[in-house]
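Taking the form predicted alone, here's one chain by itself in structure tokens.
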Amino acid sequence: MTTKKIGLLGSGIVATYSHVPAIFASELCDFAGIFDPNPDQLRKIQEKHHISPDLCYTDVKKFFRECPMDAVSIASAAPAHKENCLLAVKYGKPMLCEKPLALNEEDGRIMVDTAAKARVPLWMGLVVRFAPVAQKIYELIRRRAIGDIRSLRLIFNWSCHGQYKIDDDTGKYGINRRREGRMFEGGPLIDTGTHQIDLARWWLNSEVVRYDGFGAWVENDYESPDHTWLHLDHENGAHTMIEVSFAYGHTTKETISEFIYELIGTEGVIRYDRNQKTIVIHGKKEDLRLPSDEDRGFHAMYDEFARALDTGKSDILATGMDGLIATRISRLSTDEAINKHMLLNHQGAELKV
């Protein structure tokens, strides 16, 4: 197959440290160009990765008209995903879209339906599927290393880089604008939780039939909770509990996090702990302790994106519909947690009267 020329929308932190290096590292992809409306932000990524000025665009329509790309990767901020997707459809460019697909189900549905009607491929950049850890667990499930999976416990508690940090633009210490932005967009379940929702559906190969969201407000500055729990019931009878936080150590001097996968089956347990760098299998037939690798796989994702562009299909890449399902569950569950919180506050106020 010939290498595929990939254009990139967005030059933020994830693009800088993950997308651009992965495209450059891939033998199946070529870097075609990059768009960002902020010239200062664009200049930073240009200098960091030695990108030719000729490949940098601040006009999005000019980017789509002139960038010599076979496909586009949408790594812009989540509120811009819908607009970027519809432009890609207009110019007939297959897409790989960062999570979340959209900030609500309505926008996500418009994106998926518009792309499908125009027959423009839309895949999701749910990159955790491509992590060696996720791939290994997928393999263990398929060969029934612990029998039938009955329960999943997926935890990603972190600070989203902390409540305060030195601002990259001003050099002043203050509110972490990146974390603040994610909170205003809906919080940890909508941002990070989409990965865990997708993993549960992908690993189990079973749809979600019921879900229930809960939240805790460690800070009271945002409508959305900064620590969340989500319970999923699957068609096959399995249950998934997801815990995701942006408040886990968000004010501590030392950065701390908790990243754990636990799968309970009829014949054993699989446990991954990122801090311990191990996958442990306690099974009826075997007990294994395997060294783990990184928990994301941008390079592998772009290789598969290139292959999908060549063949028109992929057995691994998440689809736009996968992204829509994750958006629906995470958004409605967050709204449910907010409504419960408001109701409890109202009831508490009535009791005080």
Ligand SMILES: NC(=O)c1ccc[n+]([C@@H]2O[C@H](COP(=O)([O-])OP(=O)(O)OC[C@H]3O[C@@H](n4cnc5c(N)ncnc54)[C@H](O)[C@@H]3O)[C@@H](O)[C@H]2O)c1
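All residue numbers refer to positions in the sequence shown, first residue = 1. Only a predicted model underlies this, so the values are computations on that prediction, with no experimental measurement involved.
Although not depicted, the form predicted together with the named molecule is the subject of the following passage.
Enquirer: Among 234-242, 74-82, 211-219, 134-142, which stretch has residues whose heavy atoms lie within 4.5 Å of the named molecule in the predicted bound form?
Expert: So the stretch in question is 74-82.
Enquirer: Within 4.5 Å of the named molecule in the predicted bound form: all of L9, G12 and P100, by heavy atom?
Expert: Checked in the predicted bound form: all three residues contact the named molecule.
Enquirer: Answer yes if any heavy atom of L230 is within 4.5 Å of a heavy atom of the named molecule in the predicted bound form; otherwise answer no.
Expert: No, no contact at 4.5 Å.
Enquirer: Quick check on Q41: any heavy atom within 4.5 Å of the named molecule in the predicted bound form?
Expert: Close contact exists here: in the predicted bound form, Q41 approaches the named molecule to within 4.5 Å, heavy atoms only.
Enquirer: Please determine whether V127 contacts the named molecule in the predicted bound form, using a 4.5 Å cut-off between heavy atoms.
Expert: Residue-level check for V127: yes, a contact with the named molecule.
Enquirer: With the partner left out here, check for me: in the predicted bound form, does some heavy atom of D191 sit within 4.5 Å of the named molecule?
Expert: It does: once the named molecule is placed as it appears in the predicted bound form, D191 has a heavy atom within 4.5 Å of it.
Enquirer: Counting non-hydrogen atoms within 4.5 angstroms of the named molecule in the predicted bound form, say which of R271, K93, R274, R178 makes the cut.
Expert: Checking each option against the named molecule in the predicted bound form, the one that comes within 4.5 Å is R178.
Enquirer: So which bits of 35-53 sit within 4.5 Å of the named molecule in the predicted bound form, heavy atoms only?
Expert: In sequence order, F35, D36, P37, N38, Q41 come within 4.5 Å of the partner.
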